[in-house]
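Take a look at this single chain in C-alpha cells; it is the form predicted on its own.
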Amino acid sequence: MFDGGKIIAGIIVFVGLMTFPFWYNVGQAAYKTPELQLPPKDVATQCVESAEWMRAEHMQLLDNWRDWVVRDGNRVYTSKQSGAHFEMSLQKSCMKCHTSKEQFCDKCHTAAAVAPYCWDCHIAPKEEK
C-alpha cells in the first residue's frame, strides 16, 4: 500500500549519491600546501596586508581593487594592517615583488584546481629561464 520497498531503495540511492564524494576520495593522497617561491626580503619589504590575511582574502581583495579602479577611479589602497598606501595594480604592486607567476600564483592555483581569470586581461610577467 505504501510501496515501502521503493522508499527504502530510494533512500539507499539517495544516501549513496550524497556520500559518493567521501567514498570516491578514500585512499587519495592528502592535500599538501605547495612550496611557494617568495620574493627576496630586500625586494619585498612590505605586502599590502599580512601574509595570513593575503592567503585567505587575496581573491576578494583583487576583485575589490578591480571594481574600485575600473568603476570608481580610485587607485590608492590603504592597508588595514599598516595604514600604508599602495597603488591598486596587479602588475605595479603585486607582481613587482612576486615576479614569478609560475612559482607563486600557479603553484597554489594548480594545487587547488582553480583557474583565476586575472591573466585574461593582465599581461603575465615574463618568466626568467
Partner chain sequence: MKTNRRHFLKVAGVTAMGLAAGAGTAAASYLPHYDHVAPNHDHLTAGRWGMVIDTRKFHHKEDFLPLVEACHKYHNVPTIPGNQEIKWLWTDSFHHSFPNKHNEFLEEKMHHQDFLLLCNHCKNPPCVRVCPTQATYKRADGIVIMDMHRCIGCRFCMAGCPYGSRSFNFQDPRPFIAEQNTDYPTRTKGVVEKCNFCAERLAEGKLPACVEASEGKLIFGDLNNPESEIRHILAENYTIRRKPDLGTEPSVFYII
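Every value quoted in this text rests on a predicted model; they were computed, and no experiment measured them. Numbering follows the first chain given and starts at 1.
Omitted here: the form predicted together with its partner chain. The next part is about that form.
- In the model of the complex, its partner chain stays beyond 4.5 Å of every heavy atom belonging to residue 27.
- Among heavy atoms of residue 47, none comes within 4.5 Å of its partner chain in the model of the complex.
- Its partner chain in the model of the complex is not approached by residue 40, whose heavy atoms all lie more than 4.5 angstroms from it.
- In the model of the complex, its partner chain lies within 4.5 Å of some heavy atom of residue 75.
- Residues 91, 92, 96, 119, 120, 121, 122, 123 of 91-127 are found to place at least one heavy atom within 4.5 Å of its partner chain in the model of the complex.
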